[in-house]
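Only one chain comes next, encoded as structure tokens, the form predicted alone.
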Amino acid sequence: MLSPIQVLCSDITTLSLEPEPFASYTEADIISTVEFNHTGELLATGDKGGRVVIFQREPESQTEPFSQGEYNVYSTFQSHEPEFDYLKSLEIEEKINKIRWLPQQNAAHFLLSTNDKTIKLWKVSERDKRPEGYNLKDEEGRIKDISTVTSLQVPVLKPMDLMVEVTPRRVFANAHTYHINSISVNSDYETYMSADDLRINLWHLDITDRSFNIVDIKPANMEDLTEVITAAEFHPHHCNLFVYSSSKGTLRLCDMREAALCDKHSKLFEEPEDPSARSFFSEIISSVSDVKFSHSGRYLLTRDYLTAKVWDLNMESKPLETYQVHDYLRSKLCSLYENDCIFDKFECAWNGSDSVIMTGAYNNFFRMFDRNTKRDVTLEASRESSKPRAVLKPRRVCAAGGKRRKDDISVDSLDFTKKILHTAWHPNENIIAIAATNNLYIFQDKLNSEMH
């Protein structure tokens, strides 16, 4: 079972471990992406205001054994600003759509962040020493009069308070006509791809003025458009393979060795539709909102509106496993269509061993499915239920007309404005990060926390 470590408010100006119970927030404070780095020591969140907040895990303390696993604010910076495209008379939001960490190569950390149009590479580094004793500069950095320099001295490094510096190293712009929905770093650590509704581009991390178009599904006549790209990701081990999902519920695995333009896929993963179950909403709810390779690279995890599916790369005809996330909403699709909730894009995540999957739902609920035991649990990320060090209680939603037990929640009383769209799982440990509107919840396995 998971117990909360802490509750963190994404409002970086008033960040606290125990925010006010009814603290107000603005649209800009809503968290739009969550991502652990490759070691799990850093956790980055982006919000609709274009800000990135990086949390760092506290080292283990002998005097405070329960501090292990706690994440505190490490750095905060403004990644994107609102812009205006004068040619198209279009506002470009500052909202951070995705963050992806690059594997650490030296003391500094690097991450990619993107809004709808522009991707930026950021360097995050620490400085705890400053040089003193320049020959040609005074202590305030002004250039000295050379005629006054009568002797040479060797500059020395003096200790200073630790300072975290975040600097933009690259800006990758002007390559996407449509809104960017995905970025993914390749396993060669030299290239990455960015995907919008109709195209996928391949970039080199050192080259900002050009990219290579590797997928283009834009028809000659836009009236013939039948589907759009919804997500894309590189294979974790094979740098030539990537997958992208579509609004029709299909997955296409592509091999860049076959052709420069990967319009012809290597494999097509598609589940045949049951004609008897077809309805007006079938195409909308079958749209894939997220796709993730397993850490082993053998499986794909996808999320559509009502289900999460695990696919085996060796079996294209149907998913290996299908998990019902909130099947009780099937009778409410009409009202969900009217309030636009049916278009919500839920993300999904694997645990470190690929044995458990996680995804979000409404009412600040999130779901976990154990692939081995086939057990599942519904948990709630809220300030009321998530007191520090308390054990989360499983929640259960009672379908309309069903028999209701004590503590069950009726499907009619679900709050559809509270939704868990963005989740992340620590790469090695049972620590998860859940974004609920403007709050970030971090939970960890109670057994793990008791061992420290």
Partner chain sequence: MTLPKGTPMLGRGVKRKWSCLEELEAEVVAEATITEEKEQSGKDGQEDEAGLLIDPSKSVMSHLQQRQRVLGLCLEKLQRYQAGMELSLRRSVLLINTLRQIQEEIRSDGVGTCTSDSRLSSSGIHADDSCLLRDDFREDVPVTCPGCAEGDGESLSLSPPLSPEFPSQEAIDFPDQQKSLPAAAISTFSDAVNAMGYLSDLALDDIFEDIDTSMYETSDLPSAWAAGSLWPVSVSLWPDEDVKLRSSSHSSTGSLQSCLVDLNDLDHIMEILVKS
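Since the structure is predicted, the reported quantities are computational estimates derived from the model, not experimental observations. Positions refer to the first chain, counted from 1.
The form predicted together with the partner chain is left out here; the points below concern that form.
Trainee: Going by heavy atoms within 4.5 Å, which of 121 to 129, 155 to 163, 310 to 318, 327 to 335 lines up against the partner chain in the model of the complex?
Mentor: Result for this chain: 327 to 335.
Trainee: Going by a heavy atom distance of 4.5 Å, is residue 374 a contact of the partner chain in the model of the complex?
Mentor: Residue 374: no contact with the partner chain in the model of the complex.
Trainee: In the model of the complex, does residue 93 come within 4.5 Å of the partner chain, counting heavy atoms only?
Mentor: Yes, contact at 4.5 Å.
Trainee: For residue 100, is any heavy atom within 4.5 Å of the partner chain in the model of the complex, or not?
Mentor: Contact with the partner chain, no.
Trainee: Would you please decide whether residue 415 lies within 4.5 angstroms of the partner chain in the model of the complex, comparing each non-hydrogen atom pair?
Mentor: Residue 415: yes, in contact with the partner chain in the model of the complex.
Trainee: Contact check in the model of the complex: 184, 189 and 255 versus the partner chain, with a cutoff of 4.5 Å between any heavy atoms. Do all three pass?
Mentor: Not a single listed residue reaches the partner chain in the model of the complex, so no.
Trainee: Which pick from 267, 345, 204, 298 sits with a heavy atom within 4.5 Å of the partner chain in the model of the complex?
Mentor: It is 345.
Trainee: Which of 169, 237, 210, 179 has a heavy atom within 4.5 Å of the partner chain in the model of the complex?
Mentor: Only one option qualifies, and that one is 179.
Trainee: Going through 218 to 246, which residues have a heavy atom within 4.5 Å of the partner chain in the model of the complex? Please give them in sequence order.
Mentor: Read in sequence order, the residues that approach the partner chain (within 4.5 Å, in the model of the complex) are 218, 220, 221, 222, 223, 225, 226, 227, 228, 230.
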